[in-house]
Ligand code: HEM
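Before any questions on binding or motion, here is one chain by itself as structure tokens, the form predicted on its own.
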């Protein structure tokens, strides 16, 4: 590990890939404290996340670093705190709320139409990663908070990425200066968090000034209101939930869509099939949630992108009791490092695991039932991402809506992006692709 320290700092994802290939699916790192294990065995990962989930918690460096941005929100909290938050937030993701996402995606795509019309006939290079970051932030803002974030998208995206850069840097070293010391990284983090806080304060202030019943209920209304027992979130808890969904609710979908666009840009057969399905189903109409069941290939493309580049590429847990994983004894207090990136590329479960092949997800059993042990881009068990259905609907509709209008191709003079493992897997240099109107 000492010889590999440079690679661990520079590219931890490839270090985990190499370690898995060399030592197998369960590896104990030579770290004295805490005992640390890399788990790439699907059955052992399922035991940690699903069947024995209560024997593991989130008190790890990964989540404590992330909480510097999100606070003790739904993503980073644990135990009774998490259970109470989940109960209070769950109504925001009921069926009717998810169904409304179609209209918000349609409006976001409509705003894109102007950009597509300005493209020259032979196309132009567009950074799809930056565009998708802004579009998904707009959809999250309007869907969950009833707020138009299109004007503030660039500022909030920059703040989100700046804050997460610091989080990643802190999580990769064992000792970091306390957050109150004015180091350049800590100042950068404070500035980014201040920008996010100001956005949340503005949303809450506007909402509290509005008359009840003046518009459809959304997530922010439910966060502000007491539940049936009179329990309600504090001001700080509301801030933490809103920031959690700004941070986690748009970068994850943007990451998945960016890699989907990169993958189809190298396979015209897949891209043309995707565009044909979108044209047949949508025609010239705006997308809607009613279209979702009729877009199986768009969903399959998204699923395959999530398999190859799962946004949450790393999941950590702390063992609370002695346990056994894959035949290995794991003592209480151990750090458990799980990676869907490794599980999703396991050659014993997937044929040609490194190949982009959306058709493997046209059989719906690939993503559910017994197969779920090998495919969990949104986590699994009681901590399964609360926004899973929201993200899948948003991602599928956006992918179909974009593929209907434009063709994307790789610029031969530009090398392909390297997968950079930050909070999500991001393309190293953005995603500049040649975008051409399909008309």
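Positions refer to the first chain, counted from 1. In this text the structure is predicted, and so the values were computed from the model without any measurement.
Another form exists, predicted in complex with this ligand; not displayed. Remarks below refer to it.
Contact check for residue 384: a heavy atom falls within 4.5 Å of this ligand in the predicted bound form. Not displayed here, this ligand is kept clear of residue 401 by more than 4.5 Å at the level of heavy atoms in the predicted bound form.
Residue contact with this ligand in the predicted bound form: residue 140 places a heavy atom within 4.5 Å of it. Among residues of the shown chain, residue 341 is not one whose heavy atoms approach this ligand to within 4.5 Å in the predicted bound form. Residue in contact with this ligand in the predicted bound form (any heavy atom within 4.5 Å), chosen from 294, 86, 111, 190: 86. Checked against this ligand in the predicted bound form, the candidates 75, 133, 308, 166 yield a single residue with a heavy atom inside 4.5 Å, and that residue is 75. Contact with this ligand in the predicted bound form, judged as any non-hydrogen atom within 4.5 angstroms, is confined among 35-43, 55-63, 22-30, 404-412 to 55-63. Using a 4.5 angstroms heavy atom cutoff to this ligand in the predicted bound form, none of 361, 374 and 419 count as contacting. Shown without its partner, the chain has 312, 315, 317 in segment 312-335 as residues with a non-hydrogen atom within 4.5 angstroms of this ligand in the predicted bound form.
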